[in-house]
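Single chain ahead, by itself, as structure tokens, in the form predicted alone.
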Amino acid sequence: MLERGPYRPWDAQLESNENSVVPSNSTFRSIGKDKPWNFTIGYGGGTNCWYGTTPRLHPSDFRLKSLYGRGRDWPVSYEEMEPYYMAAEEIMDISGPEDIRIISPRSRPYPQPPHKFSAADRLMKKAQPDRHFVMPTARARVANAQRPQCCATFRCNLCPVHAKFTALNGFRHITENPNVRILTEAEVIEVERSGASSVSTVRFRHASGEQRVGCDLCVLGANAIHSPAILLRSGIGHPLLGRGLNEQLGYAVEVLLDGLDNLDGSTITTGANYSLYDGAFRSEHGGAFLVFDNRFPYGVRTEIGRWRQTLAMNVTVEDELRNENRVSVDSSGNVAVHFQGHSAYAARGAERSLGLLPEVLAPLPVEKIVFKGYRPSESHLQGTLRMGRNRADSVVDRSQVHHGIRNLIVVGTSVLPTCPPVAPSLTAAALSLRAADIAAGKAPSW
């Protein structure tokens, strides 16, 4: 395994208060809107910096075109993905509620029990039992052999007790295997072909100089900016290569509560509300996922006796992929991100969801809803190496094998063909497990 960034133990990350010594924005330049794209360069990648939120996609997310005439259908169904969702949840020892199966059906219970609701969540659940659920998460509800119980200090990007799943605490059995070698600080420059349809060599830059390593099967997972950049430098062309870079459009609100003491949940995010997620409206504007936080990013209230009467919410709205949002490389191989903005489809979804929040939050004693602005990034880079059934409209096939280079598998969120409202981390993990099974002949590729 070639890893561009360094190996950093968790205690070193905590001591320096940073996941990586390599700033993500130093690895590319922005053209157009100067939007941040957050990711971690280092062993474990996004598992270092993620917050551990792990909802599944809604079954309708896989059939957006068929159901609502927008975007495209995925080349895999929810039913095909379900066993791999389950496998990913077991590997990461996910906590979650059983009743959420009415939104995303499941074959077995979550490995861990759900986290504890906050007071606001409990009122919402009572009024909306089929729409409000405990948030599934990779933050341990109970201690296991690798991780202690979540400490609820809200510092999830640098968990002080190592309670969330990361590659550091969850993959030791792999990294310590004598058959596995991980070379860190090895920046892949390009993949080199032998003939028209296979990769034979990977060229990379290391402290000892530029080197090459041979490969029978090449798996590329360098995120939605750098994976397409590597292929562009390799001269592996496709009209959609590097195009469609996206993430959800997110905004935040603070809900001031009248007489309800809140903030008594057991982790940083406690509630997942699907009231505005799915329906015929998605033919006109994006669905919205409502996340109830159990923290006070805007401070506690200053009125005597009312300091806990507040609720922070984040809302993420699905976007429609725009090809002008793209990744390119120049003649020297340097990477540029061209971002022109979110789609009108996402903007309409955000406007509608914000207008409907008073109706959704009617079960709560709401004093005031304060819009806190659009979030600069959701840290969910997606879509530049889209998967599909046909080479004409996708870069990789439904097995995540490159349409033209048949021993090249692409993993990670770069293959997502649409931008659903929820965090994509669990889906990326499930897709990777499925791709591995197909490559090993353990699952059909059709």
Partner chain sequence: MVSRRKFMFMGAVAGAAVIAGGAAFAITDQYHGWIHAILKHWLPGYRFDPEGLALFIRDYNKKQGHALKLRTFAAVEGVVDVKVLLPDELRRQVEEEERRVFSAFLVGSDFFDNYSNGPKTITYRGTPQACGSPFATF
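These numbers were taken from a predicted model, which means no experiment stands behind them. Numbering follows the first chain given and starts at 1.
Below, we refer to the form predicted together with its partner chain, which is not included among the displayed structures.
J.: Looking at 205, 155, 108, 172 here, can you tell me which has any non-hydrogen atom within 4.5 angstroms of its partner chain in the model of the complex?
T.: Selected option: 155.
J.: Since exactly one of 215, 161, 167, 182 fits, which has a heavy atom within 4.5 Å of its partner chain in the model of the complex?
T.: Comparing distances to its partner chain in the model of the complex, the residue within 4.5 Å is 161.
J.: I'd like to know whether residue 356 contacts its partner chain in the model of the complex, with contact meaning heavy atoms within 4.5 angstroms.
T.: It does not: once its partner chain is placed as it appears in the model of the complex, residue 356 has no heavy atom within 4.5 Å of it.
J.: Any chance residue 149 has a heavy atom within 4.5 Å of its partner chain in the model of the complex?
T.: Yes - in the model of the complex, heavy atoms of residue 149 and its partner chain come within 4.5 Å of each other.
J.: Is residue 254 one of the residues lying within 4.5 Å of its partner chain in the model of the complex, judged by heavy atom distances?
T.: So residue 254 counts as contacting its partner chain.
J.: Is there a heavy atom of residue 287 no more than 4.5 Å from a heavy atom of its partner chain in the model of the complex?
T.: Result no; residue 287 lies far from its partner chain in the model of the complex.
J.: Any idea which of 347-355, 332-340, 90-98, 258-266 reaches within 4.5 Å of its partner chain in the model of the complex, heavy atoms considered?
T.: Partner-contacting stretch among the options: 258-266.
J.: Within 4.5 Å of its partner chain in the model of the complex - does that hold for a heavy atom of every one of 60, 78 and 243?
T.: No, none of 60, 78 and 243 comes within 4.5 Å of its partner chain in the model of the complex.
J.: For a quick check, can you give me the residues of 300-328 that have a heavy atom within 4.5 Å of its partner chain in the model of the complex?
T.: Heavy-atom contacts to its partner chain in the model of the complex: 300, 301, 302, 304, 307, 308, 310.
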